[in-house]
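For reference, the chain that follows is the form predicted on its own, supplied as structure tokens.
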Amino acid sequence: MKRSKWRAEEHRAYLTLVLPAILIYWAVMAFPTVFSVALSLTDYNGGRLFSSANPVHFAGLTHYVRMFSDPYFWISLKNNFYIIFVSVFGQIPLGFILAYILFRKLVKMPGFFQTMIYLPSIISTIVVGILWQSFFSPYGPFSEFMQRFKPGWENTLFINPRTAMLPVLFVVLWMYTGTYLIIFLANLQKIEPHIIEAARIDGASEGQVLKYVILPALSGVIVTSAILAISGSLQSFNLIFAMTAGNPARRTSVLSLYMYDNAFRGAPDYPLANAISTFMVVISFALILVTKALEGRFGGRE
């Protein structure tokens, strides 16, 4: 009897502690997600949802078909993949290399370099976007710098659809590399120094220590960083909105900006915007599953 009473008390305490978090999660995350998916399957065009004057009808996959047939969707998706590529194969390797240099004390004043590299990550994204937009503008410092080497050079970076994404990708690389520097540096400091010293005593070179000691110890961290990079790359709205607003002719648009344009610019198309957001969630999960599969394939561990 006492045992069953103790279990009931434990169950009640568990519910008391967990229930608030579950309710908040459902209210803030789960319900809006489910509601967004449901709305993408209707013909809702604004106004009250449950009104006899403006009834909402089931539209099936109509808006998904429209989305996939829109050329601007494919431009936005391509740009998102560019950002994912730069994040996974640019920010993470560069962040690791810089963290390894600081960890092994291969440069003087490591604290100064750590602060300078991480600093862009804590500056407001809007501020960063406006600053770099001014830097790369036709009358900005970048144009003056290039004209010193090539007089008469015209800056068409933001005008030419083929080059408009290059400044954005550069800023993405510059801004968030410091985040992965901190992640890798923190985990490098968790590796026991005597393991590295033992490897060096046994005759291992710097490259062999890196390959056989440090990288295996950080394999799980690398996978976690890749997941963060993928999920963050699909949310790159603020920076692009401040730098280019999707111009010229939406050639620098990404999925989040494409969704914003359909929801809040011109005549709102809420079902299409929700279809885009649903697709973003699906593709994010798909890329994360691929990353986890690669982790299992190559033996990633925390």
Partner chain sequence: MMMGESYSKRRGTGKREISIVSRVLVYTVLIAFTVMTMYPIIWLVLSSFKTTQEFQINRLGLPRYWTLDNYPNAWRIGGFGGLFLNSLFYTGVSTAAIIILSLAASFGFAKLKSRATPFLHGSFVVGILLTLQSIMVPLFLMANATHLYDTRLGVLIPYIGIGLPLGVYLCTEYIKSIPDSVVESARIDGASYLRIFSSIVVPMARPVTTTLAILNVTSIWNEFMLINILVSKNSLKSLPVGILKFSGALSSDYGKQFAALVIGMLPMLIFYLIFRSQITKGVSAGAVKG
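Numbering follows the first chain given and starts at 1. Note that the rigid core is defined as the largest set of C-alphas that superpose within 1.5 Å between two forms. Just so you know, these numbers come straight off a predicted model, no measurement behind them.
Same protein, other form: the form predicted in complex with its partner chain, not shown, and the subject of what follows.
- Segments offered: 210-218, 196-204, 150-158, 81-89. Contacting its partner chain in the model of the complex at heavy atom distances within 4.5 Å is 196-204.
- Taking non-hydrogen atoms only, A27 approaches its partner chain to within 4.5 angstroms in the model of the complex.
- When its partner chain is considered in the model of the complex, P248 lies well away from it, no heavy atom lying within 4.5 Å.
- Residue contact with its partner chain in the model of the complex: V290 places no heavy atom within 4.5 Å of it.
- With a 4.5 Å cutoff on heavy atoms, Y118 counts as touching its partner chain in the model of the complex.
- Residues are counted as partner-facing when one of their heavy atoms sits within 4.5 Å of its partner chain in the model of the complex; in 252-278 these are S256, M259, Y260, A263, F264, Y270, A273, N274, S277, in sequence order.
- Once both forms are fitted on their rigid core, the CA atom of V28 lies 2 Å or more apart between the shown form and the other one.
- Shown in the overlay between the shown form and the other one, fitted on the rigid core, is a CA shift at S284 of 2 Å or greater.
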